[in-house]
Structures are given as C-alpha cells and as structure tokens.
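Given as structure tokens, the chain that follows is alone and in the form predicted on its own.
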C-alpha cells in the first residue's frame, strides 16, 4: 500500500531534514495508514534536540508545554503537530512517568521504549516505512505485542495494560500470549493510575468492535477499577426471558447497541444492581424487583468515581433508571412519557430497550411495542401535538393574573397539561383559561 502524509506533516519533516536531522511520522498515525484507517493525529519523531527543533521552526508559532520531555508543538497551517526528540527514559517509580528523560540521536533507542510493536512504525516519503520491531507483520497477523519484555513495559506505565486491551477491542486484534499473561499478572498496577486516564481507555474500549469477547477474557482487569462488576459473573437469571447470566447479558447488550459512548455505558451498567436485588421464589424463578432504581444509584457512584463529567453521569444513570419502564401503549401515554423524559431520552429509551431484548431469549419480543412507540412519536411531532408545559398556550403570568399564586401555579399548569394530553381540553388559550378558572 502506498502511504501519503498530509502536506503539513511533510512540510515539518522536510524542514527538519533540510537542516540535517532525521525525522519521521511515528506511531498510531502510521499504523492506521497501513490498516487503511483515516489517521487524524500525526506525531513526528526527530534526531533534533528540542532547542534545535525550535530553531528550525523559529518562524512558526511554537508551544513548549511538553519541552521537558522533548516535545515541541508547532502550529502549521493552523493545526498543531507534536515533534519529539528521540529519547530514552529513566526509572519509572510511579508506574506512569519516567523520573528522567535522556535525549538520543538514535532512532532505535526511541522506538525500543514504546509500548507495542504496531506503534513503533515510522515513515517519511523519502525513505519509506521503517520497521525495526516487526510491527508490519503483527498488523498483518492481527497481534498486539509489547516491545521487548512485557513486564518491564507495564511496570514503566501501567496504563499500557488498558491500552493493550483497548487496541485489541477497537482493532479486532488478539493479544500475544506473553503480553496477555503479563497483563493479568500486573493488573493491580492500575491502582496507581489516575481515574481519568483509566476512564479514557475504558470508554474507547467500550466503543470497540468486540467488547463482549475482550472483557470476558480480561474481566479480572476490569474488576480492579469496577469491583462491583465481579458479582454479575455467575449471577444466573432463571426466568423465561433470559438465556445468559447478568454479565453475559450486559456485555451482549453492549455489543448490540450502536457505537455511542453514553448508550454503551448505559448497557454496560444497566443491570449492575441485579445481584443485590435478586430473589428466588418457591418455583425457583428469579426476580430482580427494584434493580433499575438501585442501578441508577450504583451507576451514578461508579461513574463519578471514574471521573465522568456530570452530563454523562446524569444521562447514563437516568437511562438506567427508566430502562425497564413499560412502553407507552397509546398516544396519550407516549405524550406523558415524552413530558417526563423529553424527546432525546424517549429515542434513547427505544434503543436501550431494543438492545436489552436482543440479549434475551426472544430478541424480537418488543418489536411491535417499539414500532408503536416510534409511530406515536412521529405522529406527535408531525402534528406538533402538545406534550410539554412550554407548548401549552397558557403560562404562569396568565395564572398570576387570575390570582393563582406560588406553588399552585405549577400545579395548575401540570393539571392543564394533563387535560390537554388526555384530550379533555384543546390547547387553546381561551379554553385553557376557562379550565384554569374551574381549577381555581
């Protein structure tokens, strides 16, 4: 395959080479180009020392935030390109950051400290592809393999444990045997990594191609930072509706739902409270009453612990709270549902319910109900039918003018909305005022 770099990257490399230095695009961008994946972030590695790089690009805007570790960010054509000096790292005492960085003029020194062979590939358009550690062959074979000794790589930076699993899931690659064994052996090192860093890798992993297979294989890693998930494995669901234990059902549901961060988090955690809520009746049938509400509370705690932003926490936990609600059976019920949760959650509820069903004994059990839900929504929106207070043709000022005060204003508005949704009053201002007088 012919590889081509964006013009701004070629320009940076050419300027460095014209000044007597080696320079290559390196890492994930080269890996992605070889795999035919659109590369977005381009990093450049060079034999130039940071001060030499700055001199080469003295006419450009330069950002020095990473200069201590040899990285100079140069703005070319309005976009940042990170240019990093070949380097070797000192000891890693915190399983994340080297105590010192030593610059080198030797490309192999730099590549030998990197995480996986598929990320050691270098390229420029004069010399072509540079592959010192078999990264090309590992891409062809679909293998994630550490550069050098896996234990050393993971002790240097424990986040690489999550990166290996994430790459396996997103690229659809297997993890090489010694690398895999080292991941399991060193998984407790993740306790030394900031929650935010783990969260980023975990989120990318959940949006991968093969979440179910990957997390089944590396569930012990997952349990280091989400210990609550351990109870889902082996938690059987002896009901006519289920064919999997809670863990397998949840992971299957993640695989079924569309590749959206919030929806995948929802399916991953949607039954997190089932082990706590499980009861078994005299016939041996299991019940999980209250698991959706309990799941709302537990998922919220976990997501906050993992440092997800407030919007994500609220969006995901609320979907979990309503995921087992009854589907609307009439247009009026659909309007009440819309009034309570809004259009976006209404649409997401249908996606969540569909994925939940796909991971059960009868994947099509809710097809008709979901079809009716969609029809209700389409008709309501097409006809601009009222389902929310903001659509009512009367507001709080109208009620104040009638002498209704305080909390009674909101009570009256909700009562009027109920009348409109039920078809007991038209959404007409004069008629609503007459009804309001009756309510008063």
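Numbering follows the first chain given and starts at 1. This one's a predicted model, so the numbers in the text were calculated from it and none came from an experiment.
Not on display, but discussed next: the form predicted together with ligand ATP.
Note on contacts: among 105, 204, 108, 287, the single residue with a heavy atom within 4.5 Å of ligand ATP in the predicted complex is 204.
Residue in contact with ligand ATP in the predicted complex (any heavy atom within 4.5 Å), chosen from 86, 154, 167, 268: 167.
Across the proposed site, 27, 31 and 41 without exception bring a heavy atom within 4.5 Å of ligand ATP in the predicted complex. Ligand ATP is not shown here, and in the predicted complex it never comes within 4.5 Å of any heavy atom of residue 248. Using a 4.5 Å cutoff between non-hydrogen atoms, residue 138 does not count as a contact of ligand ATP in the predicted complex.
In the predicted complex, ligand ATP sits beyond 4.5 Å of every heavy atom of residue 145.
Put simply, residue 115 is close to ligand ATP in the predicted complex: some heavy atom of it is within 4.5 Å. Only one listed stretch (115-123, 208-216, 221-229, 337-345) carries heavy atoms within 4.5 Å of ligand ATP in the predicted complex, and that stretch is 115-123.
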